[in-house]
Each structure stands twice: as C-alpha cells, then as structure tokens.
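Shown next as structure tokens: one chain only, the form predicted on its own.
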Amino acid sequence: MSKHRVIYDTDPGVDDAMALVFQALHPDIELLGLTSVFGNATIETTTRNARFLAGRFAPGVPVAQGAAAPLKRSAPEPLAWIHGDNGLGNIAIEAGLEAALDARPAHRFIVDTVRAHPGEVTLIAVGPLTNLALALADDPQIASLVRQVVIMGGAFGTDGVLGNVTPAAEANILGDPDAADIVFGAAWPVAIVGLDVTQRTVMSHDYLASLRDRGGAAGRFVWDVSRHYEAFHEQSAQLKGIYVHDSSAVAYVLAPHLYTTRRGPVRVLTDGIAVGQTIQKPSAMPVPAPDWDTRPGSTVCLDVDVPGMLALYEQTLCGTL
C-alpha cells in the first residue's frame, strides 16, 4: 500500500491542476479518486477539467461530480481573470483523454471510498468544502474512519494575512462558509494550510521555467497552464511568479515537518461583513470561549520552510526524489 491513499476534492483551477500533477507523480501518493466542486469555475467546467487532468496524469483514477453551489448560498461567479475562461489558463484541452465519470455524486463517492478503506483515506480539499459537509450529513460516522483531512483555505493573521478576496476572508472558505464551519467542527483530524503559508511560498518565473526545461511533459504542462495565472499575479500583486496555494496542501501531507503549526478549534464566520473569516482559539489560550470550547482542535499552519517545499515539488516533477 502507498503511504497516502488520497481523495482529491478540487475545483480546477490552475493551482489545482499543478497540485494534481504533484500527487500523480509522487510515489508516496495513491490517488483513489477526484471529486469536483464549484469554485474557480462552474461545476460543469471544474468536472471537465478534473476528468481531463485525471485522464492525462492519473489514468484509471475515477472522477465524481460534486456540488454546483454552496449549502445555503448562490454559486460565485467563475474567476476567469485568474484561471482563464476554461479554468486551466486557456490552454488547449485535448479531447479523448477524459477519465471516467463515476455515477455517484461526489459526497457519496467520498463516503463509500472511506468506508471501503477505513483509517486509510486522506482527503485533500482545495476548493469550497461543500462536498465534505454533504458527506458528513450523509454519513456522520465517516469522521471516525478518515485518516486525515488537509484543507487549503483560510487565513489566521500571521504577519497580517487575513484574506485574499475580502479583507477578512480567503476564497475557498468564502465560497461556502457554512460548509467550512461544519467541516472544522467534525471529529476528524483536520489540518488547515492557509494563506499564512501559501502566500509565503512563491514559485518564481525562473523556477517555473526550470520545471519546463527539466520536468519533461509534466514540467511543460505546469509552465503552460501557469502563464495566464502568472500574469494575474504580476498585475494584482506585482509578483514575478505565483503563490503556491493548493500544492502546499499536498506538501503538508507528504512532509508535515516543513510546517510550523498551532493547535486549537477553528470557527468560520457565516454572516456579517467578515463572513468567511477563520478564527482559531489556540489550545494554550486559557479563557473560556463557549463557541470554540466544545469543538475538536484543528492543526493550523503558521510558517513554512519555503526552500524545502519548493525542492519537494521540483524533485517530484523532475524525478530526482
């Protein structure tokens, strides 16, 4: 058995695609399935992209279509200016490579797969958390059967980082704050890899060019898919490169020692001007806080060994592990 058996819950998305390549090529990850969710694009687009990515980089891995909208809200507009009109940086999407589409909805695929492999499945979730919340509603007992849940989302104020779509909220959590609060309150081991570390981790233009030149077909794909995304970063943040969001969640699964973390329960604001904000009560904080104290602790990433993370991704793509 591989070291990590993974269901990848994703809304591809350029950085989602880069994280999928990372998982598909790393020898310690066995992909059990991809589950699509709305977010960076509509559910139809993210599902098509997930099927294309699985077919190209993880043949034989099934895809299950997930939620088209949040639990209690309308779906957000697609982020074409960030991820391109097709969600994959406007690269050409080849026909005929698509992975099979599982007949089950994503949340049921998650439930069935976790029950088939009790104690073994890691859920890596890099979009809105609607599918995970629906899986919990369908079968609350799966929380005790999941090995771990690793989420790219949220922000906890390290060095003033609080949000990237509002002053208070990160995009994935704001996509479905009600689902996120449910997921963070469930009795499964949760690690949150948020903007505190993903915005410290930057793949520079030169780093991406090196992957293109040394990483074979996968490296060329990562370069091609990130061209529109890098242009967005340069325009929006004057960054000559890209933030490493979703691949950071994969890196945490593979090498948690690269991350400095803090334990404590996490709540998500579900209304008001700060909707989507993630707030942790650190376990070392002694004062009572009833809205947090009855919930399980989560592991929140606050710092990262950036060279170590970038080396792990590079070695995986270039086959030098």
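Just so it is clear, the model here is predicted, and its values are computed rather than measured. Residue numbers run from 1 along the displayed sequence.
Just so it is clear, the following notes concern the form predicted together with a small molecule, a form of the same protein that is not shown.
> Within 4.5 Å of the small molecule in the predicted bound form, counting heavy atoms only, one of 182-190, 163-171, 97-105, 134-142 shows up; tell me which.
Checking each option against the 4.5 Å cut-off leaves 163-171.
> Does the trio Asp16, Asn40 and Val126 actually contact the small molecule in the predicted bound form, every residue with a heavy atom within 4.5 Å?
So, yes: the whole triplet contacts the small molecule.
> Although the partner isn't part of this model, could you tell me whether Met152 comes within 4.5 Å of the small molecule in the predicted bound form, counting any heavy atom of the residue?
Because a heavy atom of Met152 falls inside 4.5 Å of the small molecule in the predicted bound form, the answer is yes.
> If we define contact as a non-hydrogen atom of the residue within 4.5 angstroms of the partner, is Leu79 a contact of the small molecule in the predicted bound form?
Leu79 belongs to the contact set for the small molecule.
> Although the small molecule is absent from this view, report whether Asp176 comes within 4.5 Å of it in the predicted bound form, heavy atoms only.
Judged by the heavy-atom cut-off of 4.5 Å, Asp176 is well away from the small molecule in the predicted bound form.
> So, in the predicted bound form, is Val225 in contact with the small molecule at a 4.5 angstroms heavy atom limit?
No, Val225 sits far enough from the small molecule in the predicted bound form that none of its heavy atoms falls within 4.5 Å.
> So which of Leu195, Ala249, Val146, Leu211 gets a non-hydrogen atom within 4.5 Å of the small molecule in the predicted bound form?
For this set of options, the contacting one is Leu195.
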